[in-house]
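Just one chain follows, in the form predicted alone, and it is written as structure tokens.
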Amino acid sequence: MFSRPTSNSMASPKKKLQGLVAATITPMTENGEINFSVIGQYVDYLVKEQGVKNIFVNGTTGEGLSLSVSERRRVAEEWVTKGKDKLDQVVIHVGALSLKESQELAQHAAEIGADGIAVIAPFFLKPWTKDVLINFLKEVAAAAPALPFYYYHIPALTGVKIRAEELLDGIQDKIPTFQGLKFSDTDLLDFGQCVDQHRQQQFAFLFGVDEQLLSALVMGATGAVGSTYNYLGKKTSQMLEAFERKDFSLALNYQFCIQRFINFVVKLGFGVSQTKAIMTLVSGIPMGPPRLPLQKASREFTDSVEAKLKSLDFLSFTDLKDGKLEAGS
């Protein structure tokens, strides 16, 4: 069953990640610098307004690969510092094209008290076999030997098509700290076989395609990492609670409702830029523009999304504070 942590785990770094996890956005100023000043407010919003107490930092949604190593270090430090005694788990994505940079980021995550690290496959000079990929991951994990290690499987962006099911076979023999994977792919056959073939290891099976989460829960997902949990965390939690009560009809209704919104924004063009605009709209916290080569979401997009959120009863007019739309203009 999909379960969520019930107590603060900052003092328990060996605990596996589970439950609902927000893939955090990296807030920026209009001139493209990281806006560290709002991260504390962001933490409070996730916990108090969305009921989300686990985060995944510097991943795709956080534009991690568009940040310098020094910026990634500072972002990680800020989330760990501001999340102390408020968040259950802070997992830092430390993947990079350079093995040395990835190792540096992994060691840094351990030094600042993160609860785990995650790594994508290198995507320029790619590993083409399972063994080569595991050798790369092993070297990164060894730089933070006390931290839980997660593989971030996102083949649509990395171009590395090694099946997750194959990768998991015997991986703990090579990487003792391996505790699970973030599975960001629509291949439910591969995901299902990850669970079916490896459930005895009690890995964390974290699903990363928000609009398919209910299907993954049925297959045995133990958690979910996604961008929409920044602003639809409360709504998704209602789906999880219905699923846990075995009220599958209600859970399906919630999933369909979430899908209506995601389907709407996908048709408009949905990515990191648009996620920043939506989060600004819903939370009132300025997320700013994305880094090039991404382009800022249009005002037309933000206006359309505002109307859709209200029509789905995700937002009421009173939820929108003065000035919330400015960052999406």
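Worth saying up front: this structure is predicted, and the values here are computed from it rather than measured. One-based numbering along the sequence shown.
Only in words, not in the display: the form predicted together with a small molecule, which the text now covers.
Problem - Partner-contacting position among 179, 222, 227, 89 - heavy atom within 4.5 Å of the small molecule in the predicted bound form - result: When the small molecule is considered in the predicted bound form, the option within 4.5 Å is 227.
Exercise for the section: Please pick, from 104, 77, 211, 190, the one residue with any non-hydrogen atom lying within 4.5 angstroms of the small molecule in the predicted bound form. Expected result: Flagged contact: 211.
Handout entry: Contact test, all of 56, 59 and 270, partner the small molecule in the predicted bound form, heavy atom 4.5 Å
Key = Yes, all three are in contact.
Handout entry: Close approach of residue 262 to the small molecule in the predicted bound form, 4.5 Å, heavy atom
Key = Yes.
Practice task
Answer for residue 152 alone: is it within 4.5 Å of the small molecule in the predicted bound form, judged on heavy atom distances?
Solution key: Flag for residue 152 set to yes.
Practice task
Determine whether any heavy atom of residue 23 comes within 4.5 Å of a heavy atom of the small molecule in the predicted bound form, and answer yes or no.
Solution key: Yes, residue 23 sits close enough to the small molecule in the predicted bound form that at least one of its heavy atoms falls within 4.5 Å.
Practice task
Find out whether any non-hydrogen atom of residue 184 is located within 4.5 angstroms of the small molecule in the predicted bound form, and reply yes or no.
Solution key: The answer is yes: residue 184 has a heavy atom within 4.5 Å of the small molecule.
Problem - Stretch in contact in the predicted bound form with the small molecule, which is absent here, among 152-160, 214-222, 139-147, 107-115 (heavy atoms within 4.5 Å) - result: Among the candidates, contact is made by 152-160.
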